[in-house]
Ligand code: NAP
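Only one chain is given next, in structure tokens, and it is the form predicted alone.
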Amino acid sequence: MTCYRLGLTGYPLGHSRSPELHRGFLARCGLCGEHRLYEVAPDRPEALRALLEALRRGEIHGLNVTIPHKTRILPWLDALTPAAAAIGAVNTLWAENGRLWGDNTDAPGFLHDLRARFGAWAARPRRARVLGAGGAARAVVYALLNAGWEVAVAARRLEQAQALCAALETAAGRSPAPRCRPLPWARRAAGAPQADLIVNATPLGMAPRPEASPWPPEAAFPPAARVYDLVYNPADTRLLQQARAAGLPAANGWGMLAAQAALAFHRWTGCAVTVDNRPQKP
């Protein structure tokens, strides 16, 4: 009987709750296994490469990838699923016949939880403002564009937002393609009444700096918007506090984490698990 060795790599990982999710999945499926955290700093590429080789040799059966490795790991992989290739970032790795594969379950995980949180409101295309342009943001923008949304992407490096929009608007493959508009970080809250959804895809607000928020304290929110923060630890981020103070529905990223983890787990083990989409309590 296979005893699954699963894990997560990224940096830092002290906030991660992935082990409890996957250990729960293993128990529910009646499978032998473990889930470990493989913390690898961005200045240690040799350690990251060694971890991938352990995956290739079958010493590890499946790896999730989080910041800051979702894009930097791509040159070391042998193959990508169509979604991962289009997004240009991976969060799920496995080996098949000695080849390293990468997938992205963040995109379907985000869309699944967005609809679970906000119901019929999220069922039709609207306008979103995504804060950040890293690997997590790429998955969110890809999911929204494919669902027919219009998206504005605000990033500290404008060229990163420009590259993201140029790549993903084409990858979405819709005709006519939904608009994806890059914004300078200083204008992330400008013209906000035009946005129906605000998504934080940056680490701002994550432990150990829970006091941080990507939304300027002096800026108003769109009056009828929803706010979704990919950060889930702490459960009650500063951004969510700001949103609720403005009377807006808001959700953290716990449901997205659970949904993407379930998809990755099914890829690795063949066991399908359902996830609890109830909000994580502060």
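On a predicted model such as this, the values are computed, not experimentally measured, just so you know. All residue numbers refer to positions in the sequence shown, first residue = 1.
Omitted from view is the form predicted together with the named molecule, to which the following refers.
Peer 1: Going by heavy atom distances of 4.5 angstroms or less, which of I60, A251, A243, V231 would be at the interface with the named molecule in the model of the complex?
Peer 2: Looking at the other structure, the residue within range turns out to be V231.
Peer 1: Looking at R72, R187, R99, R156 here, can you tell me which has any non-hydrogen atom within 4.5 angstroms of the named molecule in the model of the complex?
Peer 2: Checking each option against the named molecule in the model of the complex, the one that comes within 4.5 Å is R156.
Peer 1: According to a 4.5 angstroms non-hydrogen atom cut-off, is Q162 in contact with the named molecule in the model of the complex?
Peer 2: Q162: no, not in contact with the named molecule in the model of the complex.
Peer 1: Is A136 close enough to the named molecule in the model of the complex to count, meaning some heavy atom within 4.5 Å?
Peer 2: Yes, contact at 4.5 Å.
Peer 1: Would M206 sit within 4.5 Å of the named molecule in the model of the complex, counting heavy atoms only?
Peer 2: M206: contacts the named molecule in the model of the complex.
Peer 1: Should A225 be classed as touching the named molecule in the model of the complex when contacts are defined as heavy atoms within 4.5 Å?
Peer 2: Because no heavy atom of A225 falls inside 4.5 Å of the named molecule in the model of the complex, the answer is no.
Peer 1: Which of 127-135, 114-122, 77-85, 142-150 has heavy atoms within 4.5 Å of the named molecule in the model of the complex?
Peer 2: This holds for exactly one stretch, 127-135.
Peer 1: Taking the named molecule as it sits in the model of the complex, which residues of 242-258 have a non-hydrogen atom within 4.5 Å of it? Please list them.
Peer 2: G253, M256, L257, in sequence order.
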